[in-house]
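So this first bit is one chain, no partners, the form predicted on its own, shown in structure tokens.
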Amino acid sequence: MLAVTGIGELLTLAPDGDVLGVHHDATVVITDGKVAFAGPAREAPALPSDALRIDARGALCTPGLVEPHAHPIFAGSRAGEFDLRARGATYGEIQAAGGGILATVRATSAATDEELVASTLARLDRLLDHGVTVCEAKTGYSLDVDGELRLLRLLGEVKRRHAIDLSPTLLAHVPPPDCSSGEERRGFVERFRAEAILAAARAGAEAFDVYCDAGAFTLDETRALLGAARASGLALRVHAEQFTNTGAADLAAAMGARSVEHLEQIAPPAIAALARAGTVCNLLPGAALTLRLPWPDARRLVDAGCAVALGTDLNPGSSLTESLPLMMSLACMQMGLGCAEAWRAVTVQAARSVGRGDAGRLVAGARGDLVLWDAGDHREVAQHFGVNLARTVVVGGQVVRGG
């Protein structure tokens, strides 16, 4: 049993009442990895003498954060591209010169299994340091069937070795560069449908994601790939409307996708369709910031009834960060979210996106994941940007960071 006492402000994200379930002078009790109690200290059960106790000393306590969109398994550096972009080069110009995704594909293919596992574990360590206890993790830096399945296998190894609960996703990122003719491209899409998706479902992937945009997969190719994934029992995700409006968000809603990603260029009819479908909108402010794209209009999506989550989009080229609290700051300062909405976007809404209904809350029966912050008010975490305020991280009732 773990008891966290002396909590100054507690966010339970309880399904009823206050949108955040705020309590002051609170206690959380975790038994057998699950929350047994979370609420006012005066209502807490009596604790046995052998209970492990943490005195929060007036700190803010929240559920563990949920990262709904990350590309953590890759090798190599693209710092040179960052500098080129800072001096005016466009994403398309960099990719046409052999950089971009293809640079990471070459480095990832050349890396050993041990190197990829070690670097991915290190990135998860940094996510954990910032309060993340559940993380969606995409493949996508191979661009061929065998290579993507290799990355999926290595994500399984990482999942077994890290405290973060990893949710693996097979990603169809872009067609490989050797698909120069229409026939070659059709052949690749068919191989991916018939081989990679089926094998991924058997290898422990929970979801399938496809990048639909100029230079990536077409809308028809996206429809075919999503259909195969749905038939294999995988949850569906779609990189949609990042650089151009393709209609991918409308397709995602129509096919019952669990989430859509990016949405910088989304059109009003698609917003209404996503709201009706209940598809979670995973907004990625780090990519918009890095690539100087329009900010995703979180305010408009929320006002239309969409479920909005926030992710880091952790990747080597367009959002190299493991700070989900920084994404909260950007969403509040640039995308129209209030602090309470930002907290929901990295807890309960993100948990919906990842298919973890017992995460992102501190209520009886939920997983015993929590974070103590060097803050007394939940609004400080978004306000105080550029620093890490996470003091103590607990996963399944075990202290894994701080103390």
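Just count from 1 along the sequence shown to find any residue number. Computed from a predicted model, the values in this text were never measured in an experiment.
FYI, the form predicted in complex with another copy of the chain isn't displayed, but the following is about it.
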4.5 angstroms heavy atom contact with another copy of the chain in the predicted complex for L143
no
Find out whether any non-hydrogen atom of V19 is located within 4.5 angstroms of another copy of the chain in the predicted complex, and reply yes or no.
no
Is A41 part of the interface with another copy of the chain in the predicted complex - any heavy atom within 4.5 Å?
no
Contact flag, S323 vs another copy of the chain in the predicted complex, heavy atom cut 4.5 Å:
yes
Thinking of another copy of the chain in the predicted complex, which stretch from 226-234, 194-202, 286-294, 144-152 has heavy atoms inside 4.5 Å of it?
286-294
Option touching another copy of the chain, based on a heavy atom within 4.5 Å in the predicted complex, out of R258, H173, R78, H71
R78
A382, A390, V395, L13 - the one with a heavy atom within 4.5 Å of another copy of the chain in the predicted complex:
A382
In the predicted complex, does every one of E183, R186 and A254 come within 4.5 Å of another copy of the chain, counting any heavy atom?
no
Within 78-105, which residues have a heavy atom closer than or equal to 4.5 Å from another copy of the chain in the predicted complex?
R78, A79, G80, F82, D83, A86, R87
